[in-house]
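The data below hold one chain only, encoded as structure tokens and taken in the form predicted on its own.
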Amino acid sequence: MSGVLVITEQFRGAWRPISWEALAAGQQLASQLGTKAGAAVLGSGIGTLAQELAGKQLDRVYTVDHELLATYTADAFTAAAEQLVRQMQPEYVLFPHTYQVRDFAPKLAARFQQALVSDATALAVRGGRVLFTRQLFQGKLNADVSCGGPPPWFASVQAGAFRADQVRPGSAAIEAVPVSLDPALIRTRAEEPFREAQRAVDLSSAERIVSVGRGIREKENLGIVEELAQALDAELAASRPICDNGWLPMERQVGSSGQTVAPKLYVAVGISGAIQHLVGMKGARTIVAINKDANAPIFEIADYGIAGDLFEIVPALTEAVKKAKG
């Protein structure tokens, strides 16, 4: 068996995008350890998903296909994952850090007398030990955590911490892993999953985001930022003060108390760069910052920075984008 096993997540036959980020983390960890990475998918009727995984650089793809896994329950997924891990005996088990993983993975780790290192933002091998970096106090501190005791060791990776486009392609064999699940052991009956209101926005899947902060001064000034977002075919987002004031819905907040995003382009307009906001967007591939304060913290992580009056810069930038698009 591979030294690293990534347990992916799907919903009704469609991947959770963060699964690819976890897979990138698994490949990275395996490479640093000098071992191989495998991946597993749990569910019912998951053959197509397994074929997609088989096109990645993996030692093997494991399918755990059972009718009791068609709908998620913590009892069924914990039991199935436990049997998978005991059969495969990996050293490290990685997960995407999702609500579902938060629900069952700690329970799974406890069955092996281990703790789950949750929401890791980075990993490294130093002195023969694997260190997982976790953020504390809303991102004010980073802590390097290592696992103790005998393997397997369990960890989940934060959305945006690893890039899905860094998953290496390859070819892997598919292996079905039989599991025994007793319906009597499933103590919960799953109902229809909660759905956000129709107006809700999933910023985590946006490729381009224009985000606005308190530098916009007044709600009436949001229009110039909205025009830039429209020109870029981007989603409009905001830092916490904007949403707290009710200028934009809370669903558009980026940060430690909002959504975590990792778009290809993130334009921060009038955002100083408080740590609570940086936690939510530092995984963006390209960050453009516009702020009148040349010493604003946002410039420390920006790929491109424009120090100046946003009320002059943003309209000019919008016009330039429109002109470039023809």
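Quick note: we count residues from 1 along the sequence shown, nothing fancier. Please read all numbers here as calculations on a predicted model, not as lab measurements. Under this definition, the rigid core comprises the largest set of C-alpha atoms superposing within 1.5 Å between the forms.
Missing here is the form predicted together with a small molecule; even so, the following discussion is about that form.
None of A296, V61, A30, V64 but one reaches within 4.5 angstroms of the small molecule in the predicted complex through a heavy atom, and that residue is A296. A heavy atom within 4.5 Å of the small molecule in the predicted complex is found for exactly one of P263, G43, G38, G273: G273. Figure note: of the listed segments 265-273, 22-30, 66-74, 50-58, the one touching the small molecule in the predicted complex, with heavy atoms no more than 4.5 Å away, is 265-273. When contacts are judged by a 4.5 Å heavy atom cut-off, D303 does not count as touching the small molecule in the predicted complex. By the criterion of a heavy atom within 4.5 Å, R217 is counted among the residues contacting the small molecule in the predicted complex. By the criterion of a heavy atom within 4.5 Å, K292 is counted among the residues contacting the small molecule in the predicted complex.
Proximity of S257 to the small molecule in the predicted complex: non-hydrogen atoms within 4.5 Å are present. Once both forms are overlaid on the rigid core, the distance between the two CA positions of E52 between this form and the one not shown is under 2 angstroms. Taking the rigid core as fixed, one finds a CA shift for A70 smaller than 2 Å between this form and the one not shown. Residue displacement note: M250 has its CA displaced by at least 2 Å between this form and the one not shown (rigid core superposed).
Panel note: the distance between the CA atoms of S256 and T98 is smaller in the predicted complex than in this form, the difference being 3 Å or more. Put simply, P106 and Q259 spread apart in the predicted complex: their C-alpha atoms are 3 Å or more farther than in the form shown.
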